[in-house]
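What follows is one chain in structure tokens, specifically the form predicted alone.
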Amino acid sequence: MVYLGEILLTEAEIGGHFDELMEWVNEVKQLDIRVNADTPNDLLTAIHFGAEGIGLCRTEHMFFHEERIAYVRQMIVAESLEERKRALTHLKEMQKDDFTQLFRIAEGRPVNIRLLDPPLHEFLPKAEKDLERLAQDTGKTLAEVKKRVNELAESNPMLGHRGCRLAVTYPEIYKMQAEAIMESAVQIHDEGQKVFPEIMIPLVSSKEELAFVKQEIKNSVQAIFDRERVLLPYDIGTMIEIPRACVTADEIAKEAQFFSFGTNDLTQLTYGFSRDDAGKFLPSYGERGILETDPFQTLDTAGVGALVEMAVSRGRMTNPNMKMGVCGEHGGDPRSIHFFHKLGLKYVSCSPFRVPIARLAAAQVVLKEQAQLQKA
């Protein structure tokens, strides 16, 4: 049936049979269901649907706000540490406001915050008028700004200078974010509310990478604790999204307090498919029976899933009690959730409106296992 014109919408009401069903779900499911949320509204919506914390807060989304992007660009084109730190000081105060709001709404639920992930060039302007504005803001010539923009251009940004690689080159960026997180946590603690931040370092491929970045963050956090005379619980872990990280997970687990599987990038890097471009050819793969499902929608358990399973197994060899979860889009897909449950993961994280579906799928897999045991 097709309707012409705008359809009147109403706010979904939670209660009645929905609440009753979700109570049954909570009694059965073993996986925690978290949300991918970057804004207070996303988190409020997810908690409304029963989310048990944030599994992925993408800090780069906070940087694109109109009032912030100018400082981000000033940070990127800076030619000295002092110049870069001036821009980071402004960004830190803005990030503190973001994190304080999220911690307050979370009310003690875990909040997993991924540090800056995309390549820096994504934040830079392309239009001439915006380049001129950046030159004016930084006191540089237009030619100098254009030169810097050209220097940051990458042939393959997906495989380039991003994630933890930024922190190896510019440690002050992640240090600023860590300070913003923990100073916000201290503020919430002082308000008498529980707070539990999880600081996630993205795109790690080796233990040495993680160890370097982690130590920089720990030094910054400890300085805050010493200054404020307080000690708060927090974790530092990594996003597992590179095949090498899966293969060497036993080594990486020596430095990580948690693993969060970024199955979007792990799928890209395992298949060699660009998620942004695969839509041009994946329909043909489906029509010809080459792929049963879109691997970006439902986890490829034979390939990508085998890497996840390897990482889980190897990580537990080093740290049997390590917290492990999933924050890719597959965290909201019922078939993928069944696979993650069988691996014994702690949680899956998905978009706000998929939280009820994820909760239901997590309970269904337990009931299915119980039914199979009874038959046996």
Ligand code: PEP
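Keep in mind that this is a model prediction, so the values were computed, not measured. Residue indices: 1-based, along the sequence shown.
What follows is about the form predicted in complex with the named molecule, which we do not show.
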* To do: Go through 340-348, 306-314, 321-329, 62-70 and give me the stretch that gets within 4.5 Å of the named molecule in the model of the complex, heavy atoms only.
  => 321-329
* Closest heavy atom of Q136 to the named molecule in the model of the complex, within 4.5 Å or not? -> no
* Asked: Does at least one non-hydrogen atom of R275 fall within 4.5 angstroms of the named molecule in the model of the complex?
  -> yes
* If you check in the model of the complex, is L56 within 4.5 Å of the named molecule, heavy atoms only? -> yes
* Wondering, does K207 line up within 4.5 Å of the named molecule in the model of the complex on heavy atoms? -> no
* To do: Sort through P197, G163, G237, G262 and report the residue having a heavy atom within 4.5 Å of the named molecule in the model of the complex.
  => G262
* in the model of the complex, the one of D117, E183, E216, D250 near the named molecule [non-hydrogen atom within 4.5 angstroms] -> D117
